[in-house]
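Shown here is one chain on its own, the form predicted on its own, set out as structure tokens.
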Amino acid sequence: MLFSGNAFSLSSDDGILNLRFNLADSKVNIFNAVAIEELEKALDAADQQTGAKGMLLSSAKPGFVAGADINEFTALFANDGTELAALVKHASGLFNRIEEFHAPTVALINGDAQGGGFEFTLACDFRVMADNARVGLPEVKLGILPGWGGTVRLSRLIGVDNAIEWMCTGASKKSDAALKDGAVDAVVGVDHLMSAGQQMIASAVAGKLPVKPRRSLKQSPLMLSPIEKAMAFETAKGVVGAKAGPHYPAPMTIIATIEAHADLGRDEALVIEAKNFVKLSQTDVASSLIGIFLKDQQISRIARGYKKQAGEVAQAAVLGAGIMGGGVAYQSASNGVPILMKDIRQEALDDGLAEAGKILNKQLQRGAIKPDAAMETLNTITPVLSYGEFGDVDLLVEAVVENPKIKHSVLEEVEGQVSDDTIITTNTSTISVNLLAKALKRPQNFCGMHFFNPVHRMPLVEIIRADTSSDAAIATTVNYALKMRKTPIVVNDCPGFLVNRILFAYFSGYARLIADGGDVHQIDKVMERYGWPMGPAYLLDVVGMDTAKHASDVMAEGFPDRMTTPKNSVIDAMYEAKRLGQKNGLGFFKYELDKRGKPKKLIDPDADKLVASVRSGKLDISDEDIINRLMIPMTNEAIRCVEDNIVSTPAEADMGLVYGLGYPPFRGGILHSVDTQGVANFCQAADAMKNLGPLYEITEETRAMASEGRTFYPQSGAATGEKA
């Protein structure tokens, strides 16, 4: 052994060096301070092996390298960037040493190589990749850009167009795509990586593989004529700019960075890359997106913590074969859990199977799955009209109509058809799970499992704990959600649970704003500029006015002091006029199907007249006041959900809204936004609107936080979820 440390080791076998990454006390390899320090020492040792035929870069972990240690980087992002710039320069220098090594170098990518881990491999002359591995540069998802040579080397290796697509989407590429684009040189089975790498070095030594031309390519300017350069970058700016929008600066900065160093050699190009990396790291967007990443990790840890108490779900079932039931069936079957789909009508079963088939067909058209896999998924869904096979069901999802009497009847009936150990869950968005638990003889085996529509796209599942729910029932349901590749958040029972309770505070504020004379179109435009995927009127049309009316009534009954909407509210008026939204083509807007069969939103004068009939007049209001009138009630309700222990941490509240409603990720979460604004400033903004009623009243705990200088998250930016 030529070098051995806590992260790297260096050995030699028949003149071929093996630089092996195996970070101690970690399930994955990441570049932290220890790893970077030891990489330098290992390279010092390698440089002394002047007779080496070549050097392999390998990993002792199932994955190659997950990237840089985001926790260490977050601390550096919080200062003026001086320390971060020094770290980037040092790490880039180490990668340059690999690129300039006196013998050929080959990276053996045995598993995921992401971010700095993939940049590590780009410093090598050649890359051989396991057929089940993935590579990528996902930094854009954190609001930053690759800072260890990624923008320089990848653009020269695979071309500007491909490199921009890789980096601006942050996509993780499978081996076939990486090979096609030229990012790797060979793909083999994981067991053949070492022999393939050794053969590459032998070929390079024999002059059969072009080491010097490869190094020259990565270290030289991009070979583009002025016309090619202008076309490539201007086209990219148009396409990427339209998708990224004004709130996410990283994608356009990536393009600008590559354009700026296109005519430069490697060393000068790396200086530009590093400068822009540090600049992006200092933005609020980067802070917010990194916070989202850390909060996602936190809620994933919380969910995985239930596994010890969880029972196995080898067979599932769903009652109700509508769009929701079909979505649940697809999600379960496509992730390896066979599922029975029961309904009382054959037509409904046909619709449920059609829903699953529609999702699979779209995936087939995109090339995301193969026909055999699609058929296997459909074959794993068993439509039934009776309870004959329900004795073997481990977990059941009741997804019938949102009516407590009907749900009571169905739950009582199905409990008699399953085993004593079967976990029964209800997919409800508003009905109290404590109320529904009264229908059961074994309420300890019951909880809520609220999916969001469309099931296959929305990542969140609320697991609602009834007072009688056992820990095992909650744990098994959480584990089933994880197997379905969903993000489960456990919440306690209350009207609307977490997401809908907060959402309908927003809608309540909206109804009052309209009643006071707010303009539907102005409000939608303002809230979309704020960052929401759609304004409140458009969102209500998507939700459905019948659903919104029902939920609004439930929330008004549950929280009469602040969620009672004005008499004959705009939601009531739309519902009574049978303008139900997209489901019947008429709501705040009217809808026509476009060429792809998707509903296209159009202005409808009749809808505007209906809105005018419930307004007290026309309100002249600023964009800022529109935002405050809608977001203060929503924020207050999120705070109350934490204070009332509906969720146990601010991180769960924040991520519930990001994953369940599409809260703008670049804002970092609704409670993160309060910290960014300042709790005292938030209180001041709310107090300015206290005449509008209890929706705008600050809780005593929030005022205490403001006076004591406390925040929802530690000021270092780590997402522990504990109040500082």
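None of the values given here were measured: they were computed from a predicted structure. Just count from 1 along the sequence shown to find any residue number.
If you look for the form predicted in complex with a small molecule, you will not find it shown, but the lines that follow are about it.
Using a 4.5 angstroms threshold between heavy atoms, Met689 stays clear of the small molecule in the model of the complex. Although the partner is absent here, Glu139 is a contact residue: one of its heavy atoms lies within 4.5 angstroms of the small molecule in the model of the complex. Under a 4.5 angstroms non-hydrogen atom cutoff, the small molecule in the model of the complex has Val28 among its neighbouring residues. Although the partner is absent here, Glu697 lies well away from the small molecule in the model of the complex, with no heavy atom inside 4.5 Å.
Contact annotation: the small molecule lies within 4.5 Å of heavy atoms from the stretch 140 to 148 in the model of the complex, the single such stretch among 140 to 148, 536 to 544, 406 to 414, 97 to 105.
Heavy atoms of every residue among Ala66, Val88 and Phe277 are located within 4.5 Å of the small molecule in the model of the complex. Proximity to the small molecule in the model of the complex, taken as a non-hydrogen atom within 4.5 angstroms, holds for one residue of Tyr387, Tyr591, Tyr530, Phe293, which is Phe293. This chain is displayed alone, yet in the model of the complex one of Ile70, Ala52, Ala45, Val34 has a heavy atom within 4.5 Å of the small molecule; that residue is Ile70.
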